[in-house]
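Have a look below at one chain only, the form predicted alone, in structure tokens format.
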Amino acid sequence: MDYLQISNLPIIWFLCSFTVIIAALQAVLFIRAANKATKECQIDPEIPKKAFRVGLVTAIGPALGVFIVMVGLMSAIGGPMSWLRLSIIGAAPTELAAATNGATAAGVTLGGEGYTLQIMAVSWFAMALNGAGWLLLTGVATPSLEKLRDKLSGGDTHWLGVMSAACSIGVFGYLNVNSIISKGFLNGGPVINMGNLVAVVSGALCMMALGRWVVPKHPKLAEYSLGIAMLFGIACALILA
């Protein structure tokens, strides 16, 4: 049998479904815990509903990117493993890079000539190792990081909000720079990915425009502004780049 036929066997789908089901159950348990905390803290029920809508709309853009990469991965490593990895990780470029590195370590290109069942297993193993580090760190270090955060904030909720916002800006700024500027160099200068640059700039301009002119007149759009800006950035990149 061809390696892709083996990678798409019903038994592989069945085994991968366990992890995906666990991830789905975790989402349900988190929602239940949030609803329970809402009642215990006597929070207005409309606030968590609004937060859920914001998260749902904001997730559309990243989900589209993950879906596109998953289609490409399916042609190289099979549907079940692509479904599993991108259901629990969601970092599509990272998973693609891990699968590619596994194939490269074996001396072939991902899905290319010489990509056999054994080498596909190496790609699968590389993807598993790629996600194992942060899973281990999260489980071990999260309680300590929570204490560190409380100590730095000094119990001041306003300062905690500022610190969290600053951390988010730093993280997403770092990710954007890595997406726009390639690590390679061409003719002595950095290689710019115009598609990603257009998406970032147009999405940021759309977010500012929404916050300045649209949301004040239509406050209900505030919860959808991030999702709208992301979709606008994607559309501009597809059209202009």
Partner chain sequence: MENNNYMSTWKKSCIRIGSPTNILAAFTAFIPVLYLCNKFDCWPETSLILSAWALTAIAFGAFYIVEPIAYYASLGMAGTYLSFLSGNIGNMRMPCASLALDVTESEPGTIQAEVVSTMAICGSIITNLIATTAAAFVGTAIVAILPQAINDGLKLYASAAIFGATFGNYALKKPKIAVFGALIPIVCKLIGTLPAWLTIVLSVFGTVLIARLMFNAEQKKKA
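This one's a predicted model, so the numbers in the text were calculated from it and none came from an experiment. Residue numbers count along the first chain shown, from 1. Take the two forms, superpose them, and find the largest set of C-alpha atoms that agree within 1.5 Å; that set is the rigid core.
In what follows, reference is made to the form predicted in complex with the partner chain, a form of this protein that is not presented.
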Thr142, heavy atom within 4.5 angstroms of the partner chain in the predicted complex
yes
Would Gly170 count as touching the partner chain in the predicted complex under a 4.5 Å heavy atom rule?
yes
Residue-level question: is Gly112 within 4.5 Å of the partner chain in the predicted complex, judged on heavy atoms?
no
Please determine whether Leu4 contacts the partner chain in the predicted complex, using a 4.5 Å cut-off between heavy atoms.
no
If you look in the predicted complex, which residues in 21-44 sit within 4.5 Å of the partner chain (heavy atoms)?
Ile22, Ala23, Ala24, Gln26, Ala27, Leu29, Phe30, Ile31, Ala33, Ala34, Asn35, Lys36, Ala37, Thr38, Glu40, Cys41, Gln42, Ile43
After core superposition, I'd like to know whether Cys167 moves between this form and the one not shown (criterion: C-alpha shift of 2 angstroms or more).
no
Just checking, between this form and the one not shown and with the core aligned, does Ser82 shift 2 Å or more at the CA?
no
Would you say whether Glu146 is displaced between this form and the one not shown, judging by a C-alpha shift of 2 Å or more on the superposed rigid core?
no
